[in-house]
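Take a look at this single chain, the form predicted on its own, given in structure tokens.
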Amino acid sequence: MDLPPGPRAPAIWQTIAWMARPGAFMRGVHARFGDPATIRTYWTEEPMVLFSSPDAVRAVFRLDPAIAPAGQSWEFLRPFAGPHSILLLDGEEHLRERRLMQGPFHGERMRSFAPMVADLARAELATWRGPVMALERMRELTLEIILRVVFGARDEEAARLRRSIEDTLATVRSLPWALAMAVVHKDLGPRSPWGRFRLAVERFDAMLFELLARRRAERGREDDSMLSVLLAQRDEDGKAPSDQQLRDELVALLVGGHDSSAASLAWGFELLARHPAVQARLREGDPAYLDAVAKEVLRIRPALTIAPRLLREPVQIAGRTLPAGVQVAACLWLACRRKDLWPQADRFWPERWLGQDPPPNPLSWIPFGGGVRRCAGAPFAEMEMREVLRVASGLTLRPARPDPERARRSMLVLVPHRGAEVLVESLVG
């Protein structure tokens, strides 16, 4: 194939770098080969061409799903995501599912969850003293938010769901096991990586279908959860969602709202601990500055790295013809950090969002993807980050070690490699 240049290292070494040192890998590829560049990993069977310039990103987002389906690029998620997942569908099916899922994220309804998010954040952060692994604690907090806001679960029901979710995700968060799953795509029995994951998913599904049965039997129950909204929805034909469809919608909300939100918040704490001046200004309570901090965290440390499409036919992107049978991807991580678009691109500088000049091309700030496949839960994720950071402004944070944490891959997201270890010195006020 006549593809853009890229590393010549064997796919196994590129896969290891893609997972263990993703930031350094992408930065090195861009520095050496420019934009676009081709990588080869076991993450996908096909070579992947990475684009990060605004014009190329726009072209990738506008590709016809009949020619370049995005769902096929996430096919490896099917055992967990399910056949009706918005992550795997394309075209009209994707849009129909997206319309159903946007109901719970309606502006007024979403804003009504902010006090609950703030209360849960306040209860969590009130326990922080001394050294804290922010990633672990943010996973606990974001899961608690999902259990309350999405599932409407309380007490023992929440505890059982929590244990099942943590058991299911534990395997794919482990770098050695995730690497083994990337290289070996087969279930080789209950002790193999895929086998262990399959069994955990089966246990999780059984519990989730029990929950759906209880919710359907409790139609009179007062509940403002997203699940209640999904249960009440009807498609264009007036048809109620099936249990399998609801299960897949809930898993999409879980995948999108748990590890990715926890990763973004962990990066927020890691960055704040190294920037006392940002902490001090955040305490002044200016909503515009709070929004700027959240946007800057998402820019310099986007949790997601790529928005891929699998080409069924040749296409032209940024003046280059690419053949069928390859993956093309908008590289979110590179787009958000391009030095030709962002002044002092490697600097954590929230003030860049408060200047008189508008920020660069909107397609250079794409932490949630873009086009019709932009994360449906992005408004909720941004609200959640603002609420947690607002509560966190009452903490005095210091870094646990002098050197900043680098990124490593955990399932689909990039997380601080030491777990965002911070020192909490005091609770202001």
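What you are looking at is a predicted structure, and each value in this text was computed from that prediction instead of being measured. Residues carry their position along the shown sequence, with the first being 1.
Keep in mind that the form predicted together with ligand HEM is missing from the display, and what follows is about it.
Colleague: Could you work out which of 122, 162, 198, 98 is the residue within 4.5 angstroms of ligand HEM in the model of the complex, going by heavy atoms?
Modeller: The residue in contact is 98.
Colleague: Let me know the one among 246, 282, 143, 87 whose heavy atoms come within 4.5 Å of ligand HEM in the model of the complex, would you?
Modeller: The option sitting close enough to the partner is 87.
Colleague: 278, 299 and 352 - do all three of these have some heavy atom no more than 4.5 Å from ligand HEM in the model of the complex?
Modeller: Answer is no for this spot.
Colleague: Okay, which stretch from 335 to 343, 75 to 83, 154 to 162, 300 to 308 lines ligand HEM in the model of the complex, with non-hydrogen atoms inside 4.5 Å?
Modeller: Every other range fails; the passing one is 300 to 308.
Colleague: Does residue 61 make contact with ligand HEM in the model of the complex, using a 4.5 Å heavy atom cut-off?
Modeller: Yes, residue 61 lies within 4.5 Å of ligand HEM in the model of the complex.
Colleague: Is residue 365 one of the residues lying within 4.5 Å of ligand HEM in the model of the complex, judged by heavy atom distances?
Modeller: No - in the model of the complex, heavy atoms of residue 365 and ligand HEM never come within 4.5 Å of each other.
Colleague: Contact with ligand HEM in the model of the complex for residue 54, defined as at least one heavy atom pair within 4.5 Å: yes or no?
Modeller: Contact with ligand HEM, no.
Colleague: Could you confirm whether residue 260 comes within 4.5 Å of ligand HEM in the model of the complex, counting heavy atoms only?
Modeller: Because a heavy atom of residue 260 falls inside 4.5 Å of ligand HEM in the model of the complex, the answer is yes.
Colleague: May I ask you to list the residues of 104 to 124 that have any heavy atom within 4.5 angstroms of ligand HEM in the model of the complex, in sequence order?
Modeller: The stretch touches the partner through 105 alone.
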